[in-house]
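Okay, here we've got a single chain as structure tokens, the form predicted on its own, with questions on binding and movement later.
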């Protein structure tokens, strides 16, 4: 009997994806929405910001098989309520070209949604500090956004620089304000849309940068802090879990079920 594509995805990570029925009492109170943070999908690299294509595919299959809906940030209020709805938010930082090869086909297959937090200056180019990995182009962003399955977030225009470990904290208020404004202007020109989503480079921020981001119109601000989106969560400090090759299907399922 031939192996179907779905069966292959279930087995390709090296572990079975059990068609588990999550216990009802897990969702008896307000829903905890996990926010997944991915970066690159690759067999070539193996670091904390990379996941292999088979493992990523297996994780998406597990979400689909267990009845998860993947949502955009402006849909959060519809799902954070009592009941047994299952929702997750998928985010990708940096905007690597592997999204087009490995992620977008699965989004179409499962009807999933994802947010890409792009570095404006490097769109259509590469990130030198990431070993020259290629990035998505504006043409690709326009195609993905038109599908209704992808939304664009800001990962700054050109402040994704470690700068002696300070990240964005190493820049002046004017530099940050100008950078946010430039990202929005270029995004609007290229896609017809600006964005209300900001992801801090390296997860670094403080009260000053948070105030600047709010004045720039960002409504959903993503951190690298652990946790879940819940009823009383601060949408200006949205927690995320960085997902990489160390998240086998067992640890992935544990996180999705609320066991950080």
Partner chain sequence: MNFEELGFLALNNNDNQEAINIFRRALEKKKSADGFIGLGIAHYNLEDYQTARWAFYKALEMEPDNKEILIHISNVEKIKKQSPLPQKQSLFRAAKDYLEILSDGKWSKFFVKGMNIGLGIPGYFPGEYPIKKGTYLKWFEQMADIGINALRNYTVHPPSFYEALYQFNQSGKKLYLFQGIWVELPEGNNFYEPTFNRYVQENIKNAVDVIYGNASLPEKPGYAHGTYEYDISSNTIGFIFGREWESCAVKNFNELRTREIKDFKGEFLSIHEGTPFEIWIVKICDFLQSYEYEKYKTSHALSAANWPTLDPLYHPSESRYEEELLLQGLSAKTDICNENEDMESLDVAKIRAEKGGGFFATYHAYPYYPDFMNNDYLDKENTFLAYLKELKNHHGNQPVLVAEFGVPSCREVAHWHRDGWHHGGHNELRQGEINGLLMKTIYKAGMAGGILFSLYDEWFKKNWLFIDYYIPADRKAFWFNIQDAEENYGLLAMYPGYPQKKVSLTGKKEEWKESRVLYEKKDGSTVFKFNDGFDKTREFKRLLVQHDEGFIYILIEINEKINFTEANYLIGLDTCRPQIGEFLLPFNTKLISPIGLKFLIHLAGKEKSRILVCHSYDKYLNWPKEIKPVISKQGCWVMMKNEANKRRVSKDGKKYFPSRVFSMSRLQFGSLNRNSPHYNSLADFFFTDNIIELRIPWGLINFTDPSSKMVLWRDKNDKAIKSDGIKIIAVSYKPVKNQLQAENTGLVSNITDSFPQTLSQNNIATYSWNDWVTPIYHTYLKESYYKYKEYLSQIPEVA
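Residue numbers count along the first chain shown, from 1. In this text, all values refer to a predicted model and were calculated from it rather than measured experimentally.
Absent from the display: the form predicted together with the partner chain. The rest refers to it.
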Site check 36, 89 and 158: each within 4.5 Å of the partner chain in the predicted complex by heavy atom | no
Any non-hydrogen atom of residue 203 within 4.5 angstroms of the partner chain in the predicted complex | no
Tell me, yes or no, whether residue 43 is in contact with the partner chain in the predicted complex, where a contact means a heavy atom of each within 4.5 Å.
-> yes
If you check in the predicted complex, is residue 168 within 4.5 Å of the partner chain, heavy atoms only?
-> no
Is residue 105 close enough to the partner chain in the predicted complex to count, meaning some heavy atom within 4.5 Å?
-> yes
Proximity to the partner chain in the predicted complex (heavy atom, within 4.5 Å), stretch among 149 to 157, 97 to 105, 173 to 181, 113 to 121 = 97 to 105
Answer option from 55, 229, 197, 212, heavy atom within 4.5 Å of the partner chain in the predicted complex | 55
Pull the contact list for 135 to 153: residues with a heavy atom within 4.5 Å of the partner chain in the predicted complex, in sequence order.
-> 135, 136, 137, 139, 140, 143
